[in-house]
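Next up is one chain by itself, shown in structure tokens, the form predicted on its own.
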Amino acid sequence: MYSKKAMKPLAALALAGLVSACGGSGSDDPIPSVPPVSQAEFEVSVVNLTNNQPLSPVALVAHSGDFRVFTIGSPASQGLEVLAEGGSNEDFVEAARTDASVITIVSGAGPIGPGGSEVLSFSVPESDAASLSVSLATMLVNTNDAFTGTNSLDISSLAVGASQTMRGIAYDAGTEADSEAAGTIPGPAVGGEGFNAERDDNADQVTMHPGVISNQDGLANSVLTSQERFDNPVVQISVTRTL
């Protein structure tokens, strides 16, 4: 027969085993780690090809699907109107954020002068790279409502280290008459009001821009000179996949 004194060590051993079974040594178990999301990285070079037309801060949108900056023959969106008349991309960017196909948006650091350039960088999850496109918009600021850019440039097939280049023409937003009059142009050539909510262009649709006429070419009330005239293309856009 077992004595009471002999039972105490046995009870203690049983209790220790119970504590161990309940996870007492769990602090030594490895904590599962979440693998990092693989990223695809890109650089977009924007070169101003004009003689005397600074470009407003660029709005760059990386997206899947058929996001569009504009449609030829259709009215400009409110965001594009503000950008094309005044150079601000804030309304355009805010509207783009509400589009379900948009992955990321990058805004340029500032205006791009004639002959100048800027490189914008962005990254997206690798899983989005297979269906990736970029769209871009910027104003020619020594005009009433001229802009340039691209709709849904497909970069889904770019391998790491590869580049894709295109050149863009100037478009007319169709929201402000091309009067070239004092006070109606925001650029350094005039320093006017820029955006005006009234749409006084009878076309009210996006078209290819007819170009600047200037006061040296017969438009007596124009505050622009032949220096502000431009030929197409007006911008070069190059996309490089860096990772």
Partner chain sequence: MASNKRQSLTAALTASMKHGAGLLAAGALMTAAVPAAAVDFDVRIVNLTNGIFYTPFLLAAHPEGSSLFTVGAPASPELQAMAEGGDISGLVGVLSTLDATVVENPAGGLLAPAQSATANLNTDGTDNVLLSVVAMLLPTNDAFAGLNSISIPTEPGTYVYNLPAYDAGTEANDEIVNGGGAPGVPGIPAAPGGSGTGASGVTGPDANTNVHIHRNAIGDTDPTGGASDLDATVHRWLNPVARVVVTVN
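In this text the structure is predicted, and so the values were computed from the model without any measurement. Positions refer to the first chain, counted from 1.
As for the form predicted together with its partner chain, it is not shown, yet the points below apply to it.
Using a 4.5 angstroms limit between non-hydrogen atoms, Asp217 touches its partner chain in the predicted bound form. Interface membership of Ser64, defined by any non-hydrogen atom within 4.5 Å of its partner chain in the predicted bound form, is ruled out. Taking non-hydrogen atoms only, Ile72 never approaches its partner chain to within 4.5 angstroms in the predicted bound form.
Interface membership of Ala100, defined by any non-hydrogen atom within 4.5 Å of its partner chain in the predicted bound form, is ruled out. Partner contacts here mean any heavy atom within 4.5 Å of its partner chain in the predicted bound form, and among 121-129, 86-94, 73-81, 154-162 they occur only in 154-162. Residues of 225-243 placing a heavy atom within 4.5 Å of its partner chain in the predicted bound form, in sequence order: Ser226, Gln227, Arg229, Phe230, Asp231, Asn232, Pro233, Gln236, Ser238, Thr240.
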